[in-house]
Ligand code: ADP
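In the block that follows, a single chain appears as structure tokens, in the form predicted alone.
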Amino acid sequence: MELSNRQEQIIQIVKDNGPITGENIAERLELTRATLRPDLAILTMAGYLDARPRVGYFFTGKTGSELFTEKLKKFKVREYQSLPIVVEEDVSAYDAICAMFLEDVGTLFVTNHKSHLVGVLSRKDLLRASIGSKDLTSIPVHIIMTRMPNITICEPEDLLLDAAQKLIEKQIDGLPVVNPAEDGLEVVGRLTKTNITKALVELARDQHI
């Protein structure tokens, strides 16, 4: 977070004299308490300072990069997941290719008649199926998809960083976001590298890095 000169001065005063009241900080800067109120609120919300009733402000000891990392570690998958693009297991490879093209995604999630996750289709799966003289309209996707338990998943309440680690380790484009159901997994979203990038960009803008 980019601090103003006055905010830097406030932090130094609190470092040297904390805990210290807002009135005392204002006196040292020869300003009114009302003038300082927005700066103190920003520094407290950003995590540089903490405040205790009837005690005053004190320095948390955290740097900007530490605060950035701390906030990132709290993000949940549900906050950044996208809508899942789903096809049923009896759909043809041809129709799956059309769906992937029209939705502009790199991964399709395959469900059974109960709408539970049974497979994942990647570009590579469909490319392999299209090589040769096979009739793609006659090949159901359940023949070429990746099946459970070889599917990497995540849940809405998982930490975004943990899901990102799975994307890196497995070298895949996206993860199905699922909720456990009675006899399967219900697909409720998808998490991709684009979602992760969006989270980082938003966080950087919030922190003015």
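So that there is no doubt, residue numbering starts at 1 and follows the sequence shown. All values reported here derive from a predicted model rather than from experimental measurement.
The form predicted together with the ligand is left out here; the points below concern that form.
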4.5 Å heavy atom contact, Arg123 to the ligand in the model of the complex: yes
In the model of the complex, does Ile151 have a heavy atom within 4.5 Å of the ligand? yes
Quick one: is Thr60 in contact with the ligand in the model of the complex, heavy atoms, 4.5 Å cut-off? no
Just checking whether Ile172 would be counted as a contact of the ligand in the model of the complex - the rule being heavy atoms within 4.5 angstroms. yes
Given the stretches 45-53, 175-183, 30-38, 155-163, which is the single one in contact with the ligand in the model of the complex, using a heavy atom cutoff of 4.5 Å? 175-183
Members of 33-51 lying within 4.5 angstroms of the ligand, judged by heavy atom, in the model of the complex: none
